Structures are given as C-alpha cells and as structure tokens.
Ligand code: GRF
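One chain comes next, on its own, written out as structure tokens in the form predicted on its own.
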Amino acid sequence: MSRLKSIVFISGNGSNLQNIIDNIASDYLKMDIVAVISNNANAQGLVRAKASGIETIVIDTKDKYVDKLLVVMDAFEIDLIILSGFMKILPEEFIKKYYGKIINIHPSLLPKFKGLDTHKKVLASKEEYHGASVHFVTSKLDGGPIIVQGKTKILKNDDEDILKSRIHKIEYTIFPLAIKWFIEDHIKQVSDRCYFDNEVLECPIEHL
C-alpha cells in the first residue's frame, strides 16, 4: 500500500509542522510530506522542513497567486493539504479543486473566535474554556466542518502567553490524531459535513 502524500502550508515558527514531522518519524503517521509551502521566506518552519530533508517553496501572496499555486500543486500528486499556521486565506478556486483534502488547525473552540488573536479575544470575553479545533476547510473563514476539539479551563492568572502555550500542547495532540483518521479513511468531508466511519458528526469529537 502506497503512503499518503501531503503538503503542509505554514507562515511562521512551524512548531505544529515539527510535531507532524516527529509523528511521521515515529511511524504514528504513515504518510510523507513532499513539500512545505510558505508565504513567508523567513519562516522558521522552512528551516525545520529543510532540516528534515523536505522540499520548501515560498509563494508571493501579495498579488493574485492562485494560478502559480495550482502550477506548484500540479507538480505533486497530493492526498492531503495541511494548513499549519498558514496566515493567508486560500483562493476559493484552490479550495474547490482540493475539496475534502484540506484540513486546518485553529486555536479556539470553533465556531467561537474565528480569525486572529483568539487568546486575546477569549480573555476579553471572560470565557470559562479555551481550546483548539481541527476542521476541514471551506471558503468560509474557519467555517468548515469541525473534526475534533480539545479544551482547557481558563484559570485566574492566565494571560495570552500562558494560554498560547497550553493550547499548543492541545494542538500537538489533536492535529496528528485528525491526520491519522484521514490517513486511515475514518473521516471525510461531504456536502460541508464531516463524516466519521460513514456517520455524520453532529458535533465535533471532543478529545479529553
């Protein structure tokens, strides 16, 4: 059986990318990353990728870039696209072409707190819980069907940095888990719904 081929999109530090690379090395994830794509030439994640012998590609997202991106993607036979801290909205044409093959990690308990600055927003809103979500990607910002979530209770002395660190630990668990489910054909996206073992997920799986 051939191994699943993936491409990872990043913009920054790439800690989730490194976690995925480590899970591949341990054989928890039976797949290969054929390339890492970034809109930021100075992203630390590119250094991490090169250190693991993974091809890196930098794309310019200042202008319309969907055509160039599709040319790059057509050079690979990709089974899964992983958005791991990619801070740009993918073109709708791209999302449609790879529908059901794109997953994203987001640092909030979606559908709450879409977009940026989630830790700040959570604290300002006096929420009781914070967390992270893995979801399939649609043209709606952070609005695709949610696969799995993990959460943590917000403590009295929590600030943005403390929360960010704790949420990262949740991400390092649920992101590889969702990827593993995809590899093993447990999850799929159909008509903007997430199916697990051919049953519609009426609510996200909660990882305890």
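What you see is a predicted model; the values in this text were computed from it and never measured. Sequential numbering from 1, following the sequence displayed.
Same protein, other form: the form predicted in complex with the named molecule, not shown, and the subject of what follows.
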Tell me the stretch among 167-175, 23-31, 52-60, 65-73 that has any heavy atom within 4.5 angstroms of the named molecule in the model of the complex. 167-175
Residue-level contact is defined here as any heavy atom of the residue lying within 4.5 Å of the named molecule in the model of the complex; does I105 satisfy this criterion? yes
Does any heavy atom of N16 come within 4.5 Å of a heavy atom of the named molecule in the model of the complex? yes
If you look in the model of the complex, which residues in 136-151 sit within 4.5 Å of the named molecule (heavy atoms)? none
